[in-house]
Each structure stands twice: as C-alpha cells, then as structure tokens.
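Read the single chain below, which is given as structure tokens and is the form predicted on its own.
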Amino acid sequence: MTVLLLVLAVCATLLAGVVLAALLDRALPELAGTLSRQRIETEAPDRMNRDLAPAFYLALAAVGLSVVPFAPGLALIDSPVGVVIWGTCEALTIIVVFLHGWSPNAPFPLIGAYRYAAIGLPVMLPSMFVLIAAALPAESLSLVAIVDSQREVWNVLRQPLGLPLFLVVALTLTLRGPMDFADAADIAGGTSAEDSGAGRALWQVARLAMLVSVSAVAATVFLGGPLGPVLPGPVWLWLKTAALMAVLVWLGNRVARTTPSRMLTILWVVLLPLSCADLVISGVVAL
C-alpha cells in the first residue's frame, strides 16, 4: 500500500509540477498550439531516436524524482546510493539531448547536440562535488539519510556554495537561460529546430518534467526536503520544489547566455574550483 501511495505521489508531483512549470514559463498556449500541428520530417531522419529521446528524457525525470523522500524515511526508491542514481540520470540526460539533436539529420540540431555535450560533461564535475559534500554530514549517499542529517541545520546553511552551484547544474539539465546551448535561438532552436507537432510538445513537456525533478532533488539535498513544522512532509517538499522552480525560471529568463568557449572557461576556471572548495570545507567540518 505504501509503495502504491509513493507511486501516486511521484506521478502527481510530476503532473502538477509540469502544469506549474508551464504556467511559470507561460508555455501552455505554445504547447496547445504545437499539439494541433502536423509533424514535418527532415530527409532521412533517425526516427527511432527521434521518438525515444523525449520519452527517455521524461523517464529520467521520473526516475530522479523516485529517489526523493516525500516524508522522512519514505521514498519510492529508498536506495543507499540515491545520489549515484541521480548522478546517473544527469549523465544520461546529456546522451538523450545529444540523440535528440542527432536524430533529425539536419545541421542546426547537430550543432546544438555537440555544443550541449561540450558544456554538459564538465558541468557533471561540480554536480558530483556538491552532492558528495552534502552527503558527508549524513555519512551516506542515500537521500533519505541526507534529509535526516538536516533535522537541526539545512545543508544550504552548512554549505552556502552548494545550492548556487547546483542551480547551475539544474539550468544545464533543463536547457535554460545561460546554460541553454542545445536549443538556443542563435542556432535556430538547436536540437529542437526541426521539431514539430506532438514530438515537439512531448520534448517541451519532458524539459518541464526535468525542471520538477531537479528542483525536488535540490530541495531535498539542500533545503531539508519534507522537513518542516506544522505542515505534512509532502507539502513542505512541494512548497520548496515550487520555490526552486520559480527561481530557476527567473534565472533562465534574466541571466544572459555567453559564448560556448567563454562558458567552458567559466566552468573550468571558476565553478570547478568553487565546487572543490565546497567539498574540502564540508570534509573539514565533517571531521
């Protein structure tokens, strides 16, 4: 019975979160209009990867949300290596976005795919460092244990660098703002340049679902997840997730995107050392 309730909680959170994200993004009219249009194909597309990429993207968002505890000690996938499972979802997202750009057999989508791979791979390093740093106080890679370790102090206070760095990762995974090098306007929409009809709508829904998932993980790792007074645990998780979704949408709309070469420099020269410092400081404090 508990497993069924957790499955329903994951599905309901994804569904409600996608609707909220679409409202925050003002994307509902575009989604409705896209669904009513006929799909237009390029010459000799890779139809299998074209159809699988949005489905895999959506599935990764669902798997990532499954390791998030909706109440203390209650997660659909209560794994001792929940951080590793989430890290796997991050890495596979890069592959899925690349396949999405590869499948149309067209220049702009392929350029977007290679640009995203070049940016996405180094972003995984800061993500790994800040998540390990957050796991140190819990002495476990389980997200349930990480939540329990924040009963007195949230990780956002213990590790003030962690959440801002993870938000950069979130912007990358959701193809937003300064980290949107896959579907950017300067390459006519990048991996989505040749999308149309239901396929385009499904890709946009998958992007919104990943926004829900990564926000929930951030709320769990840095803001105590379901911990909070008076209200039930799931409500606290939803409120924190919604707040982080709003922050990510705002950042995506307000922060300008730089060139890929400059962003790579920022990642290697600024963000990676900061994430290393966060890990070292967290390790010293944990000792």
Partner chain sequence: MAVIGDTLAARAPAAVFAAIGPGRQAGTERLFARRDMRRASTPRDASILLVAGDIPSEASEALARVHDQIPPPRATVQWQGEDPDRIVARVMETLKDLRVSATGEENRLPDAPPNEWKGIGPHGQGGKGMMGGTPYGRPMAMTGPDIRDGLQLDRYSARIGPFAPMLPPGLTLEVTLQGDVICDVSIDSPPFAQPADADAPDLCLARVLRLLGLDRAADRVLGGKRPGALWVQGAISRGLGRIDGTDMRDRVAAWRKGEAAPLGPFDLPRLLIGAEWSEAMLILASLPPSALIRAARAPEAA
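Residue numbers count along the first chain shown, from 1. Because the structure is predicted, anything quoted here is derived from the model rather than measured.
Only in words, not in the display: the form predicted together with its partner chain, which the text now covers.
From the list 63-71, 228-236, 258-266, 48-56, the contact stretch for its partner chain in the predicted bound form under a 4.5 Å heavy atom rule is 258-266. By the criterion of a heavy atom within 4.5 Å, L272 is excluded from the residues contacting its partner chain in the predicted bound form. Although the partner is absent here, L141 sits far enough away that none of its heavy atoms falls within 4.5 Å of its partner chain in the predicted bound form.
Contact annotation: F108 falls within 4.5 Å of its partner chain in the predicted bound form, judged by heavy atom distances. In the predicted bound form, G252 approaches its partner chain with a heavy atom inside 4.5 Å.
The single residue of 113-129 lying near its partner chain in the predicted bound form is R115, the criterion being any heavy atom within 4.5 Å.
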